[in-house]
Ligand code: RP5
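Take a look at this single chain in structure tokens; it is the form predicted alone.
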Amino acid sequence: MTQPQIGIIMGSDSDLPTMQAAIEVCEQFNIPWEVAIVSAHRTPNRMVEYAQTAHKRGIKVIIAGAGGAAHLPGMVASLTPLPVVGVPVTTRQLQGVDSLYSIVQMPAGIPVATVAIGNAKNAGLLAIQILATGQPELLDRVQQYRQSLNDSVMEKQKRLDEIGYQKYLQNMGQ
């Protein structure tokens, strides 16, 4: 297997359905990744070891998903020189707002880039863009992806113009 460039970690296996979107982005861009369950509270020694050795193992960006107290992204960021992207995971009690506040409120000097609640896809895309700053061929693929988003919107607009908003709305779920 090729050396992973993106580490995707989560505090619990229950976070994997959310974090799957980051994995899929890595696969879409053909970027090697690794995935691990690393709990800040239940496996603190594992978290420290993972964070302190990731750059030595060739990881360039860490995506860390966590719910509730959501300490994983911030603690990992405090232990690694790598960029960390935090993914707030939805919780039953507060729908992930608790996770978002925990991840986004980092002290000065220890940044964590934070995406929207449950939006591991954007975390994956941000990690890819970070890698692309030093990989021209990957930067080209990011630009192609962005163009495909533009093309998709323009196709939808064309269809809306052709059939009108009422038919468009009727056909949206199909």
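One rule holds for the numbers: they count along the sequence shown, beginning at 1. Note that the structure is predicted; figures quoted are calculated from it, not measured.
Below: the form predicted together with the ligand, not depicted.
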Any non-hydrogen atom of residue 127 within 4.5 angstroms of the ligand in the model of the complex
no
Give a yes or no for residue 118: in the model of the complex, does one of its heavy atoms lie within 4.5 Å of a heavy atom belonging to the ligand?
no
Closest heavy atom of residue 66 to the ligand in the model of the complex, within 4.5 Å or not?
yes
Answer with yes or no whether residue 42 is in contact with the ligand in the model of the complex, where contact means some heavy atom within 4.5 Å.
yes
148-156, 5-13, 20-28, 162-170: which one contacts the ligand in the model of the complex at 4.5 Å, heavy atom to heavy atom?
5-13
